[in-house]
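Let us start with two forms of the same protein chain, each given on its own as structure tokens and named structure 1 and structure 2.
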Structure 1
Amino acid sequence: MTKELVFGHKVPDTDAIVAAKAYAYLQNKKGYDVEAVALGEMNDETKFVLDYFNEKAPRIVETGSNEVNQVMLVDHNEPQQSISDIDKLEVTHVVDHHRISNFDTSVPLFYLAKPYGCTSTILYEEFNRFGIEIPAELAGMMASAIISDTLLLKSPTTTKYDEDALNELVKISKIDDLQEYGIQMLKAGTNVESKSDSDIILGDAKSFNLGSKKVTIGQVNVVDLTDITKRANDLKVAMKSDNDKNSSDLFLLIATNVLDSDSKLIVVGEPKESVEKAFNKSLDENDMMDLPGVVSRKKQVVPPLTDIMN
């Protein structure tokens, strides 16, 4: 059996890294030859998780066709979010919890998509389906991915399946206190003081084709929204520069307070009126907007923008 690589999306978050490691472990147990890799550097939250469970970070790759012919995707399916030479590779498996867009293949494949809050929840069910035991360290990382994607089960993307999976994974893992660990983990990813403007806007950014427009949506977690708003002018300069560099039309940055689940939106580019229509609110004179209760890019930002821009 030929070797395959498995990876999450570009600018990986905790679920993208953990899902790749978990799926590689599962597939290797099933007889495949699979290596988990990453499409970018780990963020601070993910580094905290890997350090906590004494796990190595997967190696970073820019291309895959120089190593393998086949790959498996987790936590994404849209080609613009994937490896740069995805068009030269055969995708054999996909496990994802996002919308399916611009995805097509020339041959049949295994595709598992569920509207859950986290890819690691889907993989937890796959371990159970095949009767494969999850090691304690891997269970802890999978629990961490669910905490990250659902903001400790407070995100509107959270399902009962995520809650059940998290509780079971915590029992298997070495996490003693879920709430204490979860808050500690989420806070680890909120230190923006030492980050550059580019790191903030691109640290968790994804590109979308919405209608005829190319839209970048970044998200940054904080414990105090003023950590972002006081840097708004500089962040907007960085956002415009990224738009120009990548020929994007619109850049949205969502700053989310992980403690109270409120967000502040910063917008650069056009059409800004589409953003205002999507949220039924007006941008202020600084092109910012309050979004109380909005924490999910996948469920609360992309869908209304898609409806308007299509």
Structure 2
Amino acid sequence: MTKELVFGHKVPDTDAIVAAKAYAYLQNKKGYDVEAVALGEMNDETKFVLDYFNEKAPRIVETGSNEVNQVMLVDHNEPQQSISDIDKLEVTHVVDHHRISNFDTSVPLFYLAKPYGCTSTILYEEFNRFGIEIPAELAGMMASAIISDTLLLKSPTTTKYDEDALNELVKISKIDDLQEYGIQMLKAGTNVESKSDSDIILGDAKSFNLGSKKVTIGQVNVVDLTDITKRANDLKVAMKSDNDKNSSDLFLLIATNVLDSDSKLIVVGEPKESVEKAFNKSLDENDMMDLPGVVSRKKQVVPPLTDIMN
């Protein structure tokens, strides 16, 4: 069988890296010649995870068609999130937990999507389906991906399947205390002290067209919200500058405390009253707002804002 590459999305998070490694392991066991690669540098959280389990980082690639004809995608399907020359490659397999959008193939393929909190949960079920044993280190990494995507099962994207998979993977892995390890791991990804204002507002930002307005929504994880609020003025300058540069109307930065699952919202641009209506509360004098219990941009921020602005 000819070699294929398997990778997660650009700006990879822990699930994108781990799911690629897990799927490569599974497919190699099934007889495919597959190498897990990454579409960018790992973030601090993922580095912590690989260090902890003494695993190698996947090779970073810019393009695929210079070395293979066929690829497998994990944790994404939309072409703008994928490898730059995806249009020159045949996608043979996809395992994902996102909506399907702009994904087109010319031939039939294997595609498995489930509306779970994490791709690694789907892969855990695939290992079981084929009766393939998960090595302890891989189980630890897959548990870490579930912890990352679900914020230790607290995100509203969490399903009972994620919870079941996490508990089983922890048993297989060498993780002694799930809560202790999970918090240590999540904390590793929250070092904002060393990050520039621009890195904080744009490190995980997505753009949306809501009604007639262009809206940018960034999110940053912390273990202490004052790490963000104490530099709010500087961050607002950076957000205004980004709005001007990209002709964006409104910038929302969601700072999320991964320990207690609360968020603080910082808003720059107009219409601010749409944000107030969406969450049914007022911004304070610094254009900030507490959002207790809010952790998911996809499930808890975009939908109410869409309802008001459309």
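Numbers follow structure 1, counted from its first residue as 1. Keep in mind that what you see is a predicted model, and the values were worked out from it rather than measured. In this text, rigid core is short for the largest set of C-alphas that superpose within 1.5 Å between two forms.
> Quick check on the two chains I just loaded: which one is the form predicted in complex with a further copy of the same chain, 1 or 2?
Comparing the pair, one sees that structure 2 is the form predicted in complex with a further copy of the same chain and the remaining one is not.
> For this two-part rigid motion, what is the smaller part's turn angle between structures 1 and 2, in degrees?
19 degrees is the angle the smaller part turns through.
> Report, in Å with one decimal, the C-alpha displacement of Asp262 between structures 1 and 2 after core superposition.
Value for Asp262 between structures 1 and 2: 2.5 Å of C-alpha shift.
> Supposing the core is put in the same place in both forms, how far has the CA of Asp284 shifted between structures 1 and 2, in Å?
Once the two forms are fitted on their core, the shift reads 7.7 Å.
> Superpose the two forms on the rigid core and tell me the Cα shift of Lys245 between structures 1 and 2 in angstrom.
Value for Lys245 between structures 1 and 2: 8.5 Å of C-alpha shift.
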